[in-house]
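We begin with a single chain expressed as structure tokens, specifically the form predicted alone.
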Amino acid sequence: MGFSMVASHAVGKGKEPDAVFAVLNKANIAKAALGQEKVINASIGAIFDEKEQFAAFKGVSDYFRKLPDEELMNYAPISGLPDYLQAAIDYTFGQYKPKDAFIKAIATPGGTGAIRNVFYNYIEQGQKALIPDWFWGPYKTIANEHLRDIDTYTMFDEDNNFTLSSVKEKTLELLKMQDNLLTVYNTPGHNPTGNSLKYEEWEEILDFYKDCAKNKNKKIILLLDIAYIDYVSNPDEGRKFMKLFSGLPENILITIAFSMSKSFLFYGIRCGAIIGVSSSSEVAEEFAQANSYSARGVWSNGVRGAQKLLVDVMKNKELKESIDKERTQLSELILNRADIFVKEAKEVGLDILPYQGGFFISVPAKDPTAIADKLMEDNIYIVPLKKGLRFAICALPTHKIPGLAAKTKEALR
């Protein structure tokens, strides 16, 4: 390249546009030219209703707009409102809070801020975090931004079963090279596949990490990204595996990226928390201190109004039930849309990855960009990934889904 003013680690950053928003921009241009009905925009991970309008919870919107200025716009403590931190913990675990564990939380700007803190604070510069080969692209961006890297395990075998053997193989490989091991699990409702790990799979995963932790020189950190936890068929049952985080060895730390973006459709108001679970009070306190320091050093304060909203939702039974009802209705709408796509995919012989919930369905493809471009010729806008195509089923009105699997199958030919 030519003359550069940035520091060496920043050279070349930002050359490639964000994959999702680049496709979204093309879809919006097509809509403006052709009209909304002629465009299928399955790019953005946000819920749109049956009229293809941005969906929000009336209970959230009404309450948020009525907050007094003091609560809406004033500073929050750096770590977050104390009541908010407890509310985030209570909401995350539901009835499955680990009993034999110390649990701490620090406010973050959405789940992304939580993920950033774990990547930065729990692996060394130059080390690798372990993520699945089907993954949310910003994991890599966050790692690279903080001079870390990623390695991937194979998520599915030939029969589309979760490949725990690959997790084990890659874990042992990385533990030979680094003492800190950070592994990301995006479940339930994985982005981009919609897969959810089973309770029995979690039991086996944790047994494996307990065995790894027998070497006290090794530090095992699990990062659980639960952005879509409320969009599976039974969100309460989907939390059951969390009770397994009780009584773990002190050199295993569970971190959970809690986000209000999807659970409360608060995408742009950026509110979340990083939650730490440890059998050691010392490790839990260190977690709170390190992540509070990071908050001050990166974004300073979180959004007070959003924190206040969650506090009051968890204290006000009527308000919570109202919002829960709205969320359930939208969740059922997404699951119904997904059912149509999954059923038609089976009928036309389109290979898709296992879907149990969440905003997305993925289709394996050898040349994803070429297939996405081909679909674009038919005014179908989806996001090409490294190993396939991501369909944001959350954004498509139901009447636009029939026939989409067949068109995708044809494009693959």
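Residue indices: 1-based, along the sequence shown. Model, not experiment: these values are computed from the prediction.
Just so you know, the form predicted together with another copy of the chain exists too; it's not on screen, but the next bit is about it.
Asker: Is there a heavy atom of residue 141 lying 4.5 Å or less from a heavy atom of another copy of the chain in the predicted bound form?
Answerer: Residue-level check for residue 141: yes, a contact with another copy of the chain.
Asker: Is residue 373 one of the residues lying within 4.5 Å of another copy of the chain in the predicted bound form, judged by heavy atom distances?
Answerer: No, no contact at 4.5 Å.
Asker: Classify residue 349 as contacting or not contacting another copy of the chain in the predicted bound form by the rule of any non-hydrogen atom within 4.5 angstroms, answering yes or no.
Answerer: So residue 349 does not count as contacting another copy of the chain.
Asker: Within a 4.5 Å heavy atom cut-off, is residue 77 in contact with another copy of the chain in the predicted bound form?
Answerer: Judged by the heavy-atom cut-off of 4.5 Å, residue 77 is in contact with another copy of the chain in the predicted bound form.
Asker: Can you tell me which of 328-336, 168-176, 107-115, 154-162 lies within 4.5 Å of another copy of the chain in the predicted bound form, counting heavy atoms only?
Answerer: Selected range: 107-115.
Asker: Is every one of 5, 261 and 290 within 4.5 Å of another copy of the chain in the predicted bound form, counting heavy atoms?
Answerer: Yes, each of 5, 261 and 290 comes within 4.5 Å of another copy of the chain in the predicted bound form.
Asker: Check each of 324, 286, 133, 201 and return the one that places a heavy atom within 4.5 angstroms of another copy of the chain in the predicted bound form.
Answerer: Result of the distance check: 286.
Asker: Name the single residue among 275, 87, 205, 253 that comes within 4.5 Å of another copy of the chain in the predicted bound form, judging by heavy atoms.
Answerer: By the 4.5 Å heavy-atom cutoff, the listed residue in contact is 253.
Asker: Within 4.5 Å of another copy of the chain in the predicted bound form, counting any non-hydrogen atom, which residues from 278-308 show up?
Answerer: Counting only heavy atoms within 4.5 Å of another copy of the chain in the predicted bound form, the contacting residues of 278-308 are 282, 283, 286, 289, 290, 293, 294, 296, 297, 298, 299, 300, 301, 302, 303, 304.
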